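Below are two forms of the same protein chain, given as structure tokens: structure 1, then structure 2.
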Structure 1
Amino acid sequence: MNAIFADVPLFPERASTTAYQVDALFFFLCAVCGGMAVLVAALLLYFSFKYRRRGEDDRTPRITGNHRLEWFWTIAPLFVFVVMFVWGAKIYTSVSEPPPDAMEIFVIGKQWMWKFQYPGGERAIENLYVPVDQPIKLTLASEDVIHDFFVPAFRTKIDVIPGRYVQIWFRPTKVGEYHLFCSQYCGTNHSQMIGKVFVVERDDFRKYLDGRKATGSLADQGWQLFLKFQCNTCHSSNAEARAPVLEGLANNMVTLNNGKKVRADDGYLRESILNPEEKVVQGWQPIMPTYKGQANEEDIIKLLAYIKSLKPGQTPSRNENSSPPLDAPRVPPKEKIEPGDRKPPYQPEGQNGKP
């Protein structure tokens, strides 16, 4: 008997800071609710035994209620509920606000696989490697239907919704290998849209990334796309530019032509690529064509990484080195453009061991 049950887990592993918070609340809820359940069950059993019918001549008292008692059990639970609500809301809010030093990893869900893109441009499917004790912010997008990114050991879960970005963050606390599930039903192989999250030491993480041999960082790849889509035709830094300069734009406030102010976050940038006429920056004409159908979710993630990495004076100007028109036979642009044209756009905080 013991042998069978030795391997049966009864409680999931805890591998993130969130997991401890969620479990603490869960234990509290179990205690309160369990207490109530035991109380009700005990009363049911006790009354059933004590007041069982002893004969057809049993007399019962006429008790029709007791307002004080009834008001008590109407009002009293509310106080307990307030605690449950506030505690739960606190955890939930903290999970939706990533710390500023979080490392950003992009996740794309599609039927039926998970794709990951690291800031250094490394790509992976199915298995996500993250360094221990480092806050990780995931930005997630879906290419088809709603999926859900669920890591039980982290106690975090978020639906990945087509048409927009969602975010979640966690701080892994324990080295190990954990399940990754898609927990929103997404079709035939829903139950096989699974993977593993490997929490590894920082050094191992660096080694892992080195082994992925990226063709340039995410921002580098974005830069290639930027040229491929000829974004620099309009988004150039020179005087005759027909579109806003993108340098230093990301995550700052911009004023739209209807006077509203919005933050140029990932969602805004994504929308501006796919639905450019929707939120036009004040002072510019809505002339940009949509890139819907040309840029897929992965491309947009790369472009975003590039735009976010752009510092003043780094926008490539149009010259004879500019990339050929869209879909022309591609030569790696890195070799065509002089190194002096731009500075390396992105360095992932010295973690990236690449030259």
Structure 2
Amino acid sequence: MNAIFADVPLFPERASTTAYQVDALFFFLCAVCGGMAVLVAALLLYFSFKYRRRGEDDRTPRITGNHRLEWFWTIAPLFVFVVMFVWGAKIYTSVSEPPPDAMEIFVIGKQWMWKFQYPGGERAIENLYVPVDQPIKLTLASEDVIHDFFVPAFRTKIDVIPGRYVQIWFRPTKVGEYHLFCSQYCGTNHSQMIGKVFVVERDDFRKYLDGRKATGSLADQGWQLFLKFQCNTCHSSNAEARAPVLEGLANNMVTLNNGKKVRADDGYLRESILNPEEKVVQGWQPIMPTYKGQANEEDIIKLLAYIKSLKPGQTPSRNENSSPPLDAPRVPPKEKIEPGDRKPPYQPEGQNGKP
């Protein structure tokens, strides 16, 4: 029995930059709370002994209070709690804001497995491979119920909620194999929703991706879905366009028909595909049908990758109805449009003016 427990570490291995920050705060909280608990217990025992009743005639002295002592035990804990809050908020903010050079990997939680999609189109189930010393940004979604993505060695933990995207990032610091759990009860086989995170050298990571043999990048696969769902019927590059041109839309501010402004992030784009009437861009009519039930979370991720990759001149024309080979350049020919032939396309605010 002793040999079994000897192999179980008191704390999980620290294998990311976040782990050191979280542990430092955790030890500080334990020291402060533990120290106060010991102090309170010791004072309780001391006062119980010192002021115990010694006889029938022993009377409790009348204590009117000490203002200095009251100010001290009010201000001192407040200062300590502010330190805890600021320290915790700093860690939370750093984890929620990935660096610009972070590699984005999409994660889908489903009863009872984790599915991963890499930018190059490679897919994996249960096992996530990442390069060492590379910031990794995870964009997570759930297909059914609430899950929780938890890698103890990275101190990375976040609820994955149906109907929305959540993001978290980490930078692995040690090559190795680490446990991945779902730490939110999600159904009968919750305990089987496990996996591994493999941190490897960069050359080994490239070899791993080469071995997955993806059929085109996420953007290329999204392009095929864009044509399959006939999105170019409205979001086209010709005069008959009946919806905003999507070039340059991602992560820019848009003005809605009600006058409100929102950022076209992943959540907005996903909502526009599944519930297009919720937030209609100013100057356009709510004629787009919903693709709820037709496009699953994996399809939406591919469509988002395609939309975010669009550059000027890459929007398919209305009459393009088939997917060209994956190795063909993704720059469909643009029709000649005379002034006044069509409504001006959507222009992202802050770049080319207002819509």
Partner chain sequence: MSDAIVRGFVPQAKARPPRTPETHYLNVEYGVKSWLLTTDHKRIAILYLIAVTALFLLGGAAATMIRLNLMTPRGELLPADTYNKLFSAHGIIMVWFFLVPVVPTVLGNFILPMMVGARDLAFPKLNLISWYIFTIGGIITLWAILAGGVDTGWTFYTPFSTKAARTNVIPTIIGIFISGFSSILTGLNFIATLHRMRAPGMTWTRMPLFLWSSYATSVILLLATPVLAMALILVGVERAWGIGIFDPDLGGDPILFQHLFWFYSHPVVYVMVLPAMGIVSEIITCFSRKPIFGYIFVAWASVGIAVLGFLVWAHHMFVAGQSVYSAQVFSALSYLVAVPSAIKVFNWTATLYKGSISFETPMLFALGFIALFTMGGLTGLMLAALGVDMHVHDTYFIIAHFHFIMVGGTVMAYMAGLHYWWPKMTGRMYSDFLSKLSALIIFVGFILTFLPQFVLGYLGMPRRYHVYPPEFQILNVMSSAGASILAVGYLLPLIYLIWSLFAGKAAGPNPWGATGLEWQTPSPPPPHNFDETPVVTSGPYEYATEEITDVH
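Between two forms, the rigid core is the largest collection of C-alphas that superpose within 1.5 Å. When a residue number appears, read it as a position in the sequence of structure 1, where counting begins at 1. Nothing here was measured: the structure is a model prediction, and the numbers come from that model.
- The chain as displayed in structure 1 is taken from the form predicted in complex with the partner chain.
- Between rigid parts that reorient between the two structures, a hinge sits in the chain, and the option from K110, F198, K90, A76 at that spot is K90.
- If you fit the larger rigid part between the two structures on its C-alpha atoms, the smaller part is left turned by 15 degrees.
- Note on L39: its Cα is shifted 3.7 Å between the two structures, core used for superposition.
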